[in-house]
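Given as structure tokens, the chain that follows is alone and in the form predicted on its own.
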Amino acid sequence: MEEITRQWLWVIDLWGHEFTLNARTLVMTWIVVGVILFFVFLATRKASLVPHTAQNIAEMMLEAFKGLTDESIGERSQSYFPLIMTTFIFVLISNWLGMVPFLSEPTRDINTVFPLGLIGFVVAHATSIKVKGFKRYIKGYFEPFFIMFPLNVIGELAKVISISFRLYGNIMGGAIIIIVVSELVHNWLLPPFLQFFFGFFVGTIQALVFAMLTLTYISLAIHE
């Protein structure tokens, strides 16, 4: 379990204040960003009417998520499609990174997944205020009865916690299982299979669930 508990930290002193950064998470996040930029370069390089492999993959993903966003949000989907698509790709590549030897998933760190959930939360509520107006937005917290206000507020806050900890728990849980089984069987055939299962299969599903929940929260904010 030392691999999970060991921390690689950077301590930065700015104007007499110390800031501690998780270096592993930062480096892995930069790697994910680099992979995404490299894929975008491949997909857009020499783009043509007859798409090459990278362009074809990119177009299929864009069309699929554009259709989902249009169906959920409607005429305003153009404003939110980039957020949903980018969220999915970032979480997907982050989850897949754990399959590469000596690398780990940035989504294994709650400090990565919580801000992602918070972004969707803020966008959803900002959209609700923009579409409904502030008065109608606030009024919704007092429905169906005035005394429901505290529970409605807690329910909204619970959404960002739920979406974040669901992703974090699945990725961290998978990492712990792989480490424990690896120690038991001395890194034989089973751990690579588990690595692929949790990295590719579970990682893909969790990325899709995270993006779809973010899309659902925004859709509900618009149409409720």
Partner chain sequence: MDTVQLAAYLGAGLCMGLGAIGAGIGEGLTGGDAARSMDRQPAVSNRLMRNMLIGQAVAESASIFSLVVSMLLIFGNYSSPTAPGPAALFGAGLCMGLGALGSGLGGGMAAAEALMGVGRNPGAERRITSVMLIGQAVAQTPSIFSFVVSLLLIFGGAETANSIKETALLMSGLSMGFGAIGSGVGSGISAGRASDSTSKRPEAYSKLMSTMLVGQAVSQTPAVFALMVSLLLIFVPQSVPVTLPSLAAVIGCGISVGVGGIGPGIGAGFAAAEAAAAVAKNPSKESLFVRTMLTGQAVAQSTAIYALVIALVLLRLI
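For clarity, every value in this text was computed on a predicted model and none was experimentally measured. Residue numbers count along the first chain shown, from 1.
This protein has a second form, the form predicted together with the partner chain, left out of what is shown; the following refers to that one.
Shown alone, this chain has one stretch from 24-32, 38-46, 166-174, 53-61 that lies within 4.5 Å of the partner chain in the model of the complex by heavy atoms: 166-174.
If you check the partner chain in the model of the complex, you find a heavy atom from every one of V180, Q206 and M212 within 4.5 Å. The partner chain in the model of the complex comes within 4.5 Å of no heavy atom belonging to F19.
Contact check for E71: a heavy atom falls within 4.5 Å of the partner chain in the model of the complex.
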